[in-house]
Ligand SMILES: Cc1cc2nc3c(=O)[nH]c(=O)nc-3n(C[C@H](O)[C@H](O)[C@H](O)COP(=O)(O)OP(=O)(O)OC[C@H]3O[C@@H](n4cnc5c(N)ncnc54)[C@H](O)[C@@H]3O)c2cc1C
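What follows is one chain in structure tokens, specifically the form predicted on its own.
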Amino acid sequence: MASQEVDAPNVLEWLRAHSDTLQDCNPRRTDSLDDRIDRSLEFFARLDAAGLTGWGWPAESGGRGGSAELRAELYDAITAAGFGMPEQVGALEVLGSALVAHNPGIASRYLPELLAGRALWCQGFSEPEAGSDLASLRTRAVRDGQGWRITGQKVWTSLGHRSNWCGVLARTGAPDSRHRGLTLFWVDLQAAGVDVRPLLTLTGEEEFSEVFLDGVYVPSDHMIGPVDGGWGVAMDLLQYERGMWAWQRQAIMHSTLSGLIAELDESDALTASIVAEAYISLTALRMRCRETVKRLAAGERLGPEVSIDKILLGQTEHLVNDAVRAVRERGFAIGDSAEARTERAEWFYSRAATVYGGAAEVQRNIVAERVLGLPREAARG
């Protein structure tokens, strides 16, 4: 993905030149989650000190300017140079884009902290009874003087136990207002009334948390977008979750698949076909994400067609991890090395890729009804 920004540094060249000195903060996938987070923060701190983070973010929001395509180039360069993807970049892309678009004042205060490796963010959307049906969420925000008090519960909050700030979607309208009465707030997770409880997953890590909010005070200038306008902000935010998040994931999977191809026994036709299918799907995902990122960088507002990106991403996550299992065989199934344990954990985690962030069935209905224009009955039949 070539950029026209002549002032931006060549990140890949710099990373390769400094690879040896950066290995102590390489967020390797075989590390524990907390170790990866610690390394990710240090990794970003060093990139920031070298003037490499912040490109693709507006200067008035604490960035270094230039097209958003520069951010995609950074993520590609990180994996191409042999480094693990920093843990904070998922929330950075989703929430950072929302802050820049809907509350530049907050962005200018908090974006530089994350880009310098001094903070983590998380997203508080899902609730125990409001996952795919986000409009049914029950977390409530009520006015209190110059601010708001938020009470409720969030779940599946990625990196919640280590995050400093959380984008919390809460109901500010009537209980039956559905998507018309939601507002997005920027919440300090160290504030009084916040209780973050990590959840142990099947992979053995506490990647997600429950977040309980008991009358948590949030000043009015920490709203992201207007009162009762949270649904529109959330839909805007999803463009980046579908676009730049998928771009990050395809960069990681390209690194994984390149390693598999290098050790593939071409005489094993069945395994070769499994790897080939994964490669074809990954190529399609990259091409699709590339166009989505370019459109976002051009300032386009994307619509229901980004559900195609989500469908492709989930499908590819399955296929690439199935390819890892096929190539590594016994080592994958019974190996006790850190790499084998990590590969098994990633295979299990990939099964959730067609559920989190919008279930595949829901995304297919969106494509059928709102992109292809099929009748509702036909689309769900």
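Position 1 is the first residue in the sequence shown; the rest follow in order. All figures in this text were calculated on a predicted structure; none of them were measured in a lab.
There is another form of the same protein, the form predicted together with the named molecule; it is not shown, and what comes next is about it.
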For the three residues S158, A352 and E361, which mark the spot I'm curious about, does each lie within 4.5 Å of the named molecule in the model of the complex through at least one heavy atom? yes
Does Q88 make contact with the named molecule in the model of the complex, using a 4.5 Å heavy atom cut-off? no
Even though the named molecule is not shown here, does G117 get within 4.5 Å of it in the model of the complex, heavy atoms only? no
Hey, in the model of the complex, is N365 touching the named molecule, heavy atoms inside 4.5 Å? yes
For G131, is any heavy atom within 4.5 Å of the named molecule in the model of the complex, or not? yes
Going by heavy atom distances of 4.5 angstroms or less, which of S163, T139, T172, S126 would be at the interface with the named molecule in the model of the complex? S126
Work out which of W231, Y110, F208, W186 lies within 4.5 Å of the named molecule in the model of the complex, going by heavy atoms. F208
Report the stretch among 200-208, 144-152, 278-286, 67-75 that approaches the named molecule in the model of the complex to within 4.5 Å, counting heavy atoms only. 200-208
